[in-house]
Every structure is written in C-alpha cells, then in structure tokens.
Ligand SMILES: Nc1ncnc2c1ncn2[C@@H]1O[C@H](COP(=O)(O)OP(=O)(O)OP(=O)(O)O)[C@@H](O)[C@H]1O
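Below sits a lone chain in structure tokens, taken as the form predicted alone.
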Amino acid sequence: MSSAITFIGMDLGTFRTSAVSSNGHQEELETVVGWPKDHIAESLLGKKVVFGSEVIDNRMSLDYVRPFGHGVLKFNSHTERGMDENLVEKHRKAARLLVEQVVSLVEPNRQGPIYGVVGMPSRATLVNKEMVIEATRGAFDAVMLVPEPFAVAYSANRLTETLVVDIGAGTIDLCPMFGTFPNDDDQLTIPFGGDQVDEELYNCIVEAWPDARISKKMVREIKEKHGFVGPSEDRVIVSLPVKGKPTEIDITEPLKHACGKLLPPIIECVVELVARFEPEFQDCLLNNILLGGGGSQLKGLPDQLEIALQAYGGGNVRRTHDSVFAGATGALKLAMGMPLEYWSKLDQSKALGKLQPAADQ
C-alpha cells in the first residue's frame, strides 16, 4: 500500500469530533465554529475563524454555531428544527470548515490522496448523508459513511453477536452486529442524547435556585464529572454564585433526575430491536451489549441497564475501551482494510460519499 496515501477515521460528533490518521496522529476538537463579531475581536484573536474550546473561551466576542447541534445536518431535518435557509447554510459552512480543520490537525500527506471513513447516526436520511458528504469536499479525495456504532464495534473487534449502543450528544444509536455490514432496517436512532440531559439539568437547577448563576458550559462539566444513573451513596455538592456570593448547593437529585432520562429510551429501543430477531439471537444480543460515546461514561449506567434487562433474559453490558476515539479508530481500521482499488475508483470518479461498503467490493 502506497505510503503517499493518508487514511483518516473520523467521528463527526455533535459535541466533539475526533480523528485518527494512518500516520499515527490522533486529535479531538469540540464541534463548534466561530467568527469574530467585528474587526476589534478579529484583531484581538488574530484569526478569521475559531474552532473548538477556543470558541467557548471567547464566546462573548464571537458569532458561533454548533453545526451538528441537536442532530441538525446529521439526523434531523432543518425544518424540524425551525431553521431558515440562511441559518442552514451557516451550519453547512461551519461543518465544511470544521472537517477541514480536523483533517489538517492530523497532518495528512498533501502529496498523496486522502481517503476517509466518517461515522453517521444509524438511521440518518439520504439528505443528511449528502449534507455530511458535502462537508467533506475539499478535505478528502474520497470518503465513505458508516453507522457510528458500527465503527465502535469495528474498533473493539466486536463484529458478531453484539448490540452496540452509541450514546452521543445529539442521538443514541443502536446497531446489532452479526458479522456483516448492518442493514438500515436492523438499526435504530433515538433523537435524544447528552444535549437534552444538559438542558434538563440546567432547567432543574434554574427552577430550584432561581438566584443562582450557571452557564450551559458549567452544566456540561458538572455532568461529565459527577453524572450518574441509579442510586448513589455520594452527594454532589457544587459551588455556584448566588446573588454574587459563592454558595454550596446540593444538586444530587436534579443530577440523578436529568441523567436518568437516558435510561428509559435506551431500554425501550433495546427491547424493540432485539425482539425483531429469532430467540437464540435475542439471547446473544441481550448478553453482549457494548456502550460507546460520551454518554456511556455516566456512573452506574451499565449496572442499571443490566438490572432493567433481567426481565427480558439479559444482560451483560460493558463500556468501550475509549469513549473519545473508539469510533474514529474503528473508522480508520475500516478505511485501511478496504481494497485500494475501491478507493482508487472513488477517487478517479470523484464519487465522494459512497454511503456504505458493498459486500462484494
């Protein structure tokens, strides 16, 4: 295989985008793009476009968007989100800039072709896939889109008799693995994820302590550090400014309530999906559940899922080895494992966006 070729696996997440390259580089970047509001902000920042955590740190002087927030572009239609065409175009532009930035961070060999595999929600529509393909133009010479949980399974070598549940910020994706590329009808996507948990926690805190000041960024950090599902012996105490005075607040119950919102839809969809298969396969799936994505890191989640699934004859629930890079690593393995002729045909025809690997390739 030519050393001039760079293969890249990318997990284009709603909150965080990660990429792994065949040259050994791996990078992650918060999925947010910003533009200085005026020439003063541009002069201070020293750049026309800002990415990742730098956007959040300087958000008061930036006009910024999360291009895939709430599943926009990747899963939901813009009409469902109440977005006009101007705002949609802004998200599309941000997506293109973000992909280009992430690709540049892994330092591909610009003297040769760049081929990539990018993860998508399991039941993304053709329109959503075309939008993501458009975002990759200019960054890749050829790209293939695959379901995000499939990439997680590929990374973990769990390609048979496994049910992958990928819990992202915008969606939860479920994909059963039986040793072949999954059919669309065998997968499920739930339009609910970490973003909705954050919103619920934020609203609970504001309602319970109306004089406290808290930002969405603080809420996410609290969830990532303390989030749990089920019972907990520890209290979660945080310090928030109340009328300007730092005050310790016990947010254990609001946090439990908000994080617990993830559990019912996951259980409901696991049961619905598993019921589609013959009994012997149902048992295999229920006892081999692999959690991926940032939401998989909530304390107690695997245990609570196992308890809930006991009524259905399951289950055995484990987390993936790396919630940040598992999807990107699996995508890279898939990219490097495809025959070079496959990529060459896509490259030569400029047919970016082969939606899934054909079984006979």
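Counting begins at 1, following the sequence as shown. Just so it is clear, the model here is predicted, and its values are computed rather than measured.
FYI, the form predicted in complex with the ligand isn't displayed, but the following is about it.
Answer range among 237 to 245, 277 to 285, 190 to 198, 250 to 258 for contact with the ligand, defined in the predicted bound form as heavy atoms within 4.5 Å:
Partner-contacting stretch among the options: 190 to 198.
Among 224, 268, 107, 89, which has any heavy atom within 4.5 Å of the ligand in the predicted bound form?
None of the other options qualify; the answer is 224.
Answer with one of 167, 142, 229, 177: the residue that has a non-hydrogen atom within 4.5 Å of the ligand in the predicted bound form.
The option sitting close enough to the partner is 167.
Any non-hydrogen atom of residue 14 within 4.5 angstroms of the ligand in the predicted bound form:
Yes, contact at 4.5 Å.
Give a yes or no for residue 294: in the predicted bound form, does one of its heavy atoms lie within 4.5 Å of a heavy atom belonging to the ligand?
Flag for residue 294 set to yes.
Residue 298: touches the ligand in the predicted bound form, heavy atom cutoff 4.5 angstroms
Residue 298: yes, in contact with the ligand in the predicted bound form.
Go through 179 to 193 residue by residue and record those having a heavy atom within 4.5 Å of the ligand in the predicted bound form; state none if no residue qualifies.
Heavy-atom contacts within 4.5 Å come from no residue here.
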